[in-house]
Ligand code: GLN
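Take a look at this one chain, the form predicted on its own, written out in structure tokens.
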Amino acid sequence: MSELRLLALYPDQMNIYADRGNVLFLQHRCEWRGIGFSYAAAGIGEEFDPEAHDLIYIGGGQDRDQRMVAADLVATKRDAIKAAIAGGVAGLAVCGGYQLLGSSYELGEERIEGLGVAALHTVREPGPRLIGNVSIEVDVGSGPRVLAGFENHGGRTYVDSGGEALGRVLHGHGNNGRDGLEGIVRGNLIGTYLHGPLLPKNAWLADELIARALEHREGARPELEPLDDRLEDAAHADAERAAERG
């Protein structure tokens, strides 16, 4: 039987706006198909084997938690994360976790060092927080699709030279409210500001992550069994309408 091995980074600190629901949704969609699902977590001070997991997940957190997590990521996990990404492990980083993929997060005179695994940087600039429902157009391997969710971030993120944004903003603010871009993609790694949680509102993205994770494990991309997604499709449509209303 196939099995997806998921590693959650800092689930106790990085779980704002029900981000843990993304992990539960991935687990359910695996189990509904008869795919095994194993869960592991790595918190403060804990190292991990980059070859022992197929999908790495990190959610968002408050600034105080993010500072603590950022220092620990660099000290205990950066090399393993870089090795996992280079080896094709799938990844999803949301909000604060997304910001930490980049080179740095600047808050006034304070500079938080990031992982440096994606071409982006984040700055806390004057102005209101970027809050609200959001939708973006993306193409992550299955043709153009729409992701819909909720954003709430004070940092403004900029994709650096050589980086590739996840998508184009249709409604909402996106990375910085200026350039019309949202998120980052590097190989099988996806970073985004979309909370909500994201995956229950975008079941197709959950399946894309599952397929990528299993391809990493088994060497070939699987054909996932279709599921009855009437409720998930309704949730997605509602999230899109909310974004359109602003």
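Keep in mind that this is a model prediction, so the values were computed, not measured. All residue numbers refer to positions in the sequence shown, first residue = 1.
One more form of this protein exists, namely the form predicted in complex with glutamine; it is left out here, but the text below deals with it.
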Next on the checklist: Whether Gln62, Tyr105 and Asn152 jointly form a contact site for glutamine in the predicted complex is the question; each needs a heavy atom within 4.5 Å.
Outcome noted: yes
Checklist outcome for this item: From Cys95, Ile81, Val134, Ala90: within 4.5 Å of glutamine in the predicted complex by heavy atoms is Cys95
Checklist entry - Quick one: of Arg145, Arg124, Arg168, Arg111, which gets a non-hydrogen atom within 4.5 angstroms of glutamine in the predicted complex? => result Arg124
Checklist entry - Is there any non-hydrogen atom of Gln66 lying within 4.5 Å of glutamine in the predicted complex? => result yes
Next on the checklist: With the partner left out here, check for me: in the predicted complex, does some heavy atom of Phe25 sit within 4.5 Å of glutamine?
Outcome noted: no
Checklist entry - So, in the predicted complex, is His195 in contact with glutamine at a 4.5 angstroms heavy atom limit? => result yes
Checklist entry - Is Gln99 close to glutamine in the predicted complex, meaning a heavy atom pair under 4.5 Å apart or at it? => result yes
Checklist outcome for this item: Which of 26 to 34, 178 to 186, 54 to 62, 206 to 214 lies within 4.5 Å of glutamine in the predicted complex, heavy atoms considered? The stretch 54 to 62
Checklist outcome for this item: Contacts from 16 to 34 to glutamine in the predicted complex (any heavy atom within 4.5 Å), listed N to C, are Ile16, Tyr17
